[in-house]
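Shown next as structure tokens: one chain only, the form predicted on its own.
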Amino acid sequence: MHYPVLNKNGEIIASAVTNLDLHDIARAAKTYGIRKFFVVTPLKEQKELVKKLVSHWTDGTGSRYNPKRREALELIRVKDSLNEIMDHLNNAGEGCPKTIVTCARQNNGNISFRKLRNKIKDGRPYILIFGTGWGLSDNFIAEADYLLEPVMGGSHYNHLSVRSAAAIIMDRLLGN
């Protein structure tokens, strides 16, 4: 999610899409069997950038140069909002998914990795939502079905890149 996310001052913004996030999250998603990777931004220029980058690796020179990367980046879909994703999935006959948001802060009501890992085995559709910038807005988090416990390292520092957090969380939820 690139909107609604927070900046370092706690203000709601639309954050920029980065090339590294697209590549790394798509590759991790493909590795762990994720079927779709939605990039959410309401900004026209950012959507065009994503489409251009993805097209290079799925249809252009990059698709022939690195077919493995093509497979991963073919998972990417660009949408304006979570509501647009829900409509897309409902129209595709996949049903109404449960939403799982991530946050670097410990909150009351977090679901543990273990509990969520068991829950997602039920075959229902789930959307795992990562925020960019300084995280998802509090209002967005409050609307989710589940709030996943944060990834905690061995120090007080806790500001992972979205691509690192995504890889760790996918491994904890879907890894062997």
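Heads up: residue numbers just count along the shown sequence, starting at 1. Since the structure is predicted, the reported quantities are computational estimates derived from the model, not experimental observations.
Heads up, the form predicted together with another copy of the chain isn't pictured, but that's what we're talking about next.
The partner is absent here; in the predicted bound form, the one residue of Lys36, Lys47, Lys119, Arg27 having a heavy atom within 4.5 Å of another copy of the chain is Arg27. Among residues of the shown chain, Ile13 is not one whose heavy atoms approach another copy of the chain to within 4.5 Å in the predicted bound form. In the predicted bound form, another copy of the chain lies within 4.5 Å of some heavy atom of Ala167.
Taking the partner from the other structure, another copy of the chain in the predicted bound form has a heavy atom within 4.5 Å of a heavy atom of Val151.
Proximity of Leu6 to another copy of the chain in the predicted bound form: non-hydrogen atoms within 4.5 Å are absent; the residue sits far from the partner. Annotated contact segment (heavy atom within 4.5 Å of another copy of the chain in the predicted bound form): 61-69, selected among 122-130, 37-45, 135-143, 61-69.
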